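Alright, two takes on the same chain below, each alone as structure tokens: structure 1 and structure 2.
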Structure 1
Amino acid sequence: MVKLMVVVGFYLLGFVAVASGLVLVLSRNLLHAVLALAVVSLAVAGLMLGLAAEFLALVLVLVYVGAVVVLGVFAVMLTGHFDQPTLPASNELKALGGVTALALTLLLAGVALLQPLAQQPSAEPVSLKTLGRLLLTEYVLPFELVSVLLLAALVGAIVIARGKED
């Protein structure tokens, strides 16, 4: 019974991720596209939790949903596209995009089906507690430098989006 629930949950999260991805790509409303990105990220994080990759799921939620989506919403609101949410339709390269997507899908499917899976030695899983301790002790300097870099990028994006005052 539990195995059936895991399989159903996997397919349900996969369907949500693919459907939200289609909304993300096909939406002409920028705000809807950013919100669809949040749903895709949460669904993929759920899939990672099902695969026992808790750290990757946590990082995905923190970085993409907690930072990129919030920054995207701010960018949409600051650039003035929030008042005019629809973008003009551009169908000039739709056929080329479709052919390219089909070719890449066939290429990836061919590689996945023809390559034998390598036997990886099972590594000892690292807990989130250990990773957190390492991040805040041994790797604290790179962690803080990345946070300062992200803050500078956010301030720069706000300055560029505001433009010059008259």
Structure 2
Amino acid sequence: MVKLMVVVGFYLLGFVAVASGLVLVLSRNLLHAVLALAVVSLAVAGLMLGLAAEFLALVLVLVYVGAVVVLGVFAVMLTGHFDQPTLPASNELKALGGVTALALTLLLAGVALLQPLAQQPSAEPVSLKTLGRLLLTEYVLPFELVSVLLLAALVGAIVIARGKED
């Protein structure tokens, strides 16, 4: 029963993710694009639940829907004119970009299809305990580095967005 739910959920959420991804890259209305990112994030979080990665799903919802999408809405608001139906959403590279993206997708999907990959999920799902232990032992240096990076990004974003004192 749970397995069936995971399979149905995969196709449903996969469809939702691809459809709203299309909205994201094609929509003329910027606000629609930002909201489409929220939908994609929620769909991918649902897929991660199906992959027994509950912690990651939660982090994804918090960071993407809670932070990135809100930041995006703020940026749209501050830069104004988010709805310009007269202006095309894409530049003149549409055909070239389409071919590039399609070729890249086919390449990646082809590799995934041709390689003999694991058919069955591993019996033991990765527990949160394992993740925490790994982050504080084997990956402690990248963990600390990424926290410094976040601090730098925080300060940098404030400094850049604030502009000159006057």
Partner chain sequence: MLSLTHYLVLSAVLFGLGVFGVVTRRNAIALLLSIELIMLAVALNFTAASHFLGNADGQIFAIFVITIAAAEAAVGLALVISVYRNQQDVDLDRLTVLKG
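Whichever C-alpha set is largest while still superposing within 1.5 Å between the two forms counts as the rigid core. Structure 1's sequence is the ruler for residue numbers, which start at 1. This is a predicted model, so every value here is computed, not measured.
Novice: Looking at both copies of this chain, which one is the form predicted on its own?
Specialist: Only structure 1 fits here, because that chain is the form predicted on its own.
Novice: Rigid core superposed, CA of Val18 - does it shift 2 Å or more between structures 1 and 2?
Specialist: No, shifts by less than 2 Å.
Novice: Could you tell me the distance the CA of Val6 travels between structures 1 and 2 after a rigid core superposition, in angstrom?
Specialist: Between its two positions, the C-alpha of Val6 lies 2.5 Å apart after core fitting.
Novice: Cα of Leu154: shift between structures 1 and 2 in Å, core-fitted?
Specialist: Superposing on the rigid core gives a C-alpha shift of 6.6 Å for Leu154.
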